[in-house]
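Shown next as structure tokens: one chain only, the form predicted alone.
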């Protein structure tokens, strides 16, 4: 058992190292130019946002529409700190401070609102997100109001993108496989049955909500440092819907699905930049098709792994051999 775990961990580490090295070589040789790298940055930010929202909505079963608000907290906090301390240390402090502040607001908001369910919770979290956006518009002395912040020092490169994205996926995956994660999943399946087994539903809902808010703050910090411009309307209701679309398309309860959907929708958005009015039409069509033919999403609640891939290819091979015979 121990050898199997160590072997699996080693394979994952080698895969991560190869991914980082290959992309780094492509960036260094300018095969991945600034335009492609911008798309890569968008993909990584969306992966962080989607996987963290999936923890709340997909694994814990809480319908939240406030993720854009947490993202804006991380973005503005990191931007304000790095503008005053334009160093790498300032950026790291800003990113952590933004994530911690987003988590704190998540706790402050989540403790009372997570007693609500379904549409009521969605409305409450949406209201929270809009309140945060309005506050940023009116705090002229701190956030420069509706004009936003510009000239934010840019510290994000492929190394930081990889660390934040891979780190988010690894930490969330470990959380889901822990006793806390299993408790969250039990609440999603049947809250009454879980409570009857001694699980404190409010406690675990708040833990999942705070964790999701923390990583949304990280995504906001990455966004502010890469795109070096912020204004409150970047984090409106539409942004929360964009994140939710990725989660639903990938599959509620699947981190792999969120990653795949984030990549797919980012590529679609990139190719449709000349036709921005078609972007939401494509999103709507994708959702309709998914709901009709695969309502559980691309991956459902399953995770993509080398073992699953081997079983899939073995099944195709066996089917082909059977057909020949």
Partner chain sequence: MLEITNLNVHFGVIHAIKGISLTVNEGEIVTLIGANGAGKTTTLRTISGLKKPTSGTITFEGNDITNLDARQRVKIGISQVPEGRRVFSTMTVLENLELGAYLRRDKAGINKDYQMVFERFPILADRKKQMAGTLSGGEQQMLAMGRALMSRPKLLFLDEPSMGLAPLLVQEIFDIIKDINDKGTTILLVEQNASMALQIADRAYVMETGKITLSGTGKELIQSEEIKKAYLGG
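C-alpha atoms forming the largest set that superposes within 1.5 Å between two forms make up the rigid core. Because the structure is predicted, anything quoted here is derived from the model rather than measured. Positions refer to the first chain, counted from 1.
There is another form of the same protein, the form predicted together with the partner chain; it is not shown, and what comes next is about it.
Screening 199, 111, 146, 93 for any heavy atom within 4.5 Å of the partner chain in the predicted complex leaves a single hit, 199. Proximity to the partner chain in the predicted complex, defined as a heavy atom within 4.5 Å, singles out one entry of 179, 238, 87, 141, which is 179. Only one listed stretch (208 to 216, 188 to 196, 96 to 104, 229 to 237) carries heavy atoms within 4.5 Å of the partner chain in the predicted complex, and that stretch is 188 to 196. At a distance threshold of 4.5 angstroms between non-hydrogen atoms, residue 164 is out of contact with the partner chain in the predicted complex.
Taking the partner from the other structure, the partner chain in the predicted complex has a heavy atom within 4.5 Å of a heavy atom of residue 183.
A residue is said to contact a partner when one of its heavy atoms sits within 4.5 Å of a partner heavy atom; residue 155 fails this definition for the partner chain in the predicted complex, lying far away.
In the predicted complex, at least one heavy atom of residue 204 sits within 4.5 Å of the partner chain. Core-aligned CA deviation for residue 182 between this form and the one not shown: less than 2 Å.
Core-superposed comparison between this form and the one not shown: the Cα of residue 117 travels 2 Å or more.
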